[in-house]
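Before any questions on binding or motion, here is one chain by itself as structure tokens, the form predicted on its own.
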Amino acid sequence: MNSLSTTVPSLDVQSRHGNGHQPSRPMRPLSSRLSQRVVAVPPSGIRKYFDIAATMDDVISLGIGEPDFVSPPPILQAGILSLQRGHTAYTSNSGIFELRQAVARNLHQRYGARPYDPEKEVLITVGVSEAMYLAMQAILDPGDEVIVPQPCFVSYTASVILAGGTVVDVPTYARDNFAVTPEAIRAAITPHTKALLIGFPNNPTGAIMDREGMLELARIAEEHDLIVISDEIYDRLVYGDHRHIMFAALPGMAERTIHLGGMSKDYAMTGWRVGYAVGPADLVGAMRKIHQYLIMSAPTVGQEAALAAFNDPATEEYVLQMVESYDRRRRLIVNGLNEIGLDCFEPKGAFYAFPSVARTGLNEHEFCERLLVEEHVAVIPGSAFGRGGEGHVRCAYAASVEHIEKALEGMYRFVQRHK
């Protein structure tokens, strides 16, 4: 007999467990089987109201933040032509080179951004949501803090948490037209602060930041060596005398800013799923590395359609018509809400109004639930978008004038009963 046989435990499963089956283990609670980062992400505060509305007939929805326009004809034709030519394979991980060139050229010509290198500093993504996720994964380690002014788009907080970072939320308020105040940002900075995440024009408030305010944020970022992630998906949707300011085009900001943009809102291309990230080569390169493993490449047909959006001169006319239409609806809904008694500041960007419901005596959740049940009008509670949204609701005016007017009529009846 081999001398080792007395020291090596038997590998005979049957002799160890009698019946040849593995020993039973006590079931663990479901929560312990999940990543704590996933558990920490709150469920969407928007989905609840969509689910309720889906069970009802004749709901007038001001809840969804999506253009009610079809993509402009030059974009549609480019997509069709892409398919007809059999362009159904992957593109470069970074995206079609000509599209990356067009993105860099557009930002330079429209906002005075420095000439970005399309090879190393531009990445085409599956919408801005992927770009946001990639940015956070690329820059954050456990314990890193990201300052996130709120209310904000619901994925901001989730993207930070899923990357292992810590959200430091800084509320904004109606008294400041929901602009970020430099004092609040400075007060939130700690030795662990790694980045500042901003999004203007803002979802859900429609707020914008003027150049002076942006320059203040730039000074803070430079003083504290912060990375800035600037989500500018609504850059073309601005109204009145406001002109959009690209944060990365401010003095000294190009080397510390990841600019996020896309085609969904400006060009009514939500379903095409094309976004982009632009920034310093090391940051975009890290994002590309994750993108290579996670996605491979953005949809080919969407990229070719996006290229037409930038390059076909006829597209611009359609964009300007959409902006003009949104502006008419903006004035209609803001005036209507104020006349009803729902105080609403003037939003100058995106396609959202963010009125206060304080005069009704209801909180934002009660207001939304009862308005939906009693008048079949769907809006979203402001607190679903974070601190600062309490006592407000989001009304998307990316709906027809007829729908907005009917929604206002229902809200008027509702407010009369509850004031």
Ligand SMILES: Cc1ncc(COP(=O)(O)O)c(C=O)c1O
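Computed from a predicted model, the values in this text were never measured in an experiment. For every residue, the number given is its place in the sequence shown, counted from 1.
The following text describes the form predicted together with this ligand, which does not appear among the structures shown.
Figure note: of the listed segments 112 to 120, 295 to 303, 229 to 237, 81 to 89, the one touching this ligand in the model of the complex, with heavy atoms no more than 4.5 Å away, is 229 to 237. Heavy atoms of residue 127 reach within 4.5 Å of this ligand in the model of the complex, making it an interface residue.
This ligand in the model of the complex is approached by residue 156, whose closest heavy atom lies within 4.5 angstroms of it. Remark: residue 203 counts among the residues lining this ligand in the model of the complex, judged by a heavy atom distance of 4.5 Å or less.
Not displayed here, this ligand is approached by residue 264 to within 4.5 Å at the level of heavy atoms in the model of the complex. Although the partner is absent from the chain shown here, none of 63, 367 and 418 has a heavy atom within 4.5 Å of this ligand in the model of the complex. Only one of the listed residues (288, 273, 329, 194) places a non-hydrogen atom within 4.5 angstroms of this ligand in the model of the complex, and that residue is 273.
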